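Given next, in structure tokens, is a single chain: the form predicted alone.
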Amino acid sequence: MKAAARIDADWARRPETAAVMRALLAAGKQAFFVGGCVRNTLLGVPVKDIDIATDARPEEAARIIEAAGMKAVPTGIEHGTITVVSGGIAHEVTTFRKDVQTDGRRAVVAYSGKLEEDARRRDFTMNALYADAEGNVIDPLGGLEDLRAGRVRFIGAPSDRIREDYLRILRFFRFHAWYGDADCGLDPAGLAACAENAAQIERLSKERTTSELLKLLEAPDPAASVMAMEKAGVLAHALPGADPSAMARLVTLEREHGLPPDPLRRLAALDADSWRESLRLSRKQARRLERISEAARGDADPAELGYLLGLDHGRDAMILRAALAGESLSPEDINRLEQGAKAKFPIRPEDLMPCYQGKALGEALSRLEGAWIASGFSLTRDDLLERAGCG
């Protein structure tokens, strides 16, 4: 196969990764880097995961790898995947496959000896790019042109690819947010197929939907993709009641104030209480989302937000509030937030004892803290003790 381009990447040259490729090739097997590592290298963006496609069957690949002194872990062997640990670095090695049967959530696959068949079962053309050990890029489906044009295009008929796995609907919007050309918009055929199959998103597990949605919201600017999701009827099935109208304003405010993209902050901007039923967040994520959402919709001033939530969560709530209201944040607001985050309540429980005990002690502390906050943190310890009658 003729090379379509060439990559020259540090991750591909490092000895640990080269050893994996060398072992498979020395055994007479085909071995190609594939997917995100090739795509991201061509785009000049960081590579997180290394995927290798081979014609070696999983058990055979494991024997080859272990004979070369590396560790093979059967992490997804039923799908043809083993994880090869070389020098502490994980590599996903998967046998060429072709789909035999699908139901929209999982696929029955058969192994293949042909790279072209493996390419045709992937989702988007830009993800069907392969590179050999020397960095020569193999492009069997025209993915390189699409990648350069910022065009997220399904392989073959979009509805066929979507019906193989309905998660691909969300992936379509996620990949456009990360790699698409915002000026050109989304691929019309792909968008139409997503709209046609939108209701099938509800068949997906909450875990898969949550993971994909958070990855989308972590993109530098997901606003156009999220708006397209709403217009296609996809957002209503993924997150009922979500309103994307504040997303673009939030992204602008994040940039103005030097905040990195944050998927939970952006999820809060969608203003959808249905996340409790539709998504599966960790306990920590859910608590943070609840805190900043409630604070953004409340009336606490910046200093109080800083004191009650801390600097980071308080800033999240302030920016979210401004985005929802279509307003801006002044330097004064930021200064007051920072002052509140540094403030320390000057009264300790023992300061009110023995004047107060038990439940009365807790109520007195709460009452004094409220007065102290309302004063802009100006009341001193002596002022507060005098108010409590313990001075």
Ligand code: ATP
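It should be emphasised that the depicted structure is a prediction, and the values quoted were computed from it without experimental measurement. A residue's number is simply how far along the shown sequence it sits, counting from 1.
Quick note: we don't show the form predicted in complex with the named molecule, though the next part is all about it.
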- Query: Though only this chain appears here, would H91 touch the named molecule in the predicted bound form if you measure heavy atom gaps against 4.5 Å?
  - Reply: no
- Message: So in the predicted bound form, is the named molecule close enough to R174 to count as touching (4.5 Å, heavy atoms)?
- Response: yes
- Message: At 4.5 Å between heavy atoms, is D49 in contact with the named molecule in the predicted bound form?
- Response: yes
- Message: So, E304 and the named molecule: in the predicted bound form, are they within 4.5 Å at any heavy atom pair?
- Response: no
- The stretch from 343 to 351, 361 to 369, 31 to 39, 328 to 336 that lies within 4.5 Å of the named molecule in the predicted bound form, judged by heavy atoms, is 31 to 39
- Given that the named molecule is left out here, which of S86, T95, N127, S293 has a heavy atom within 4.5 Å of it in the predicted bound form? N127
- Note on the structure: Picking from R168, R265, H237, R315, the single residue whose non-hydrogen atoms come within 4.5 angstroms of the named molecule in the predicted bound form is R168
- Message: Heavy atom within 4.5 Å of the named molecule in the predicted bound form: which residues of 313 to 336 meet that condition, in order?
- Response: none
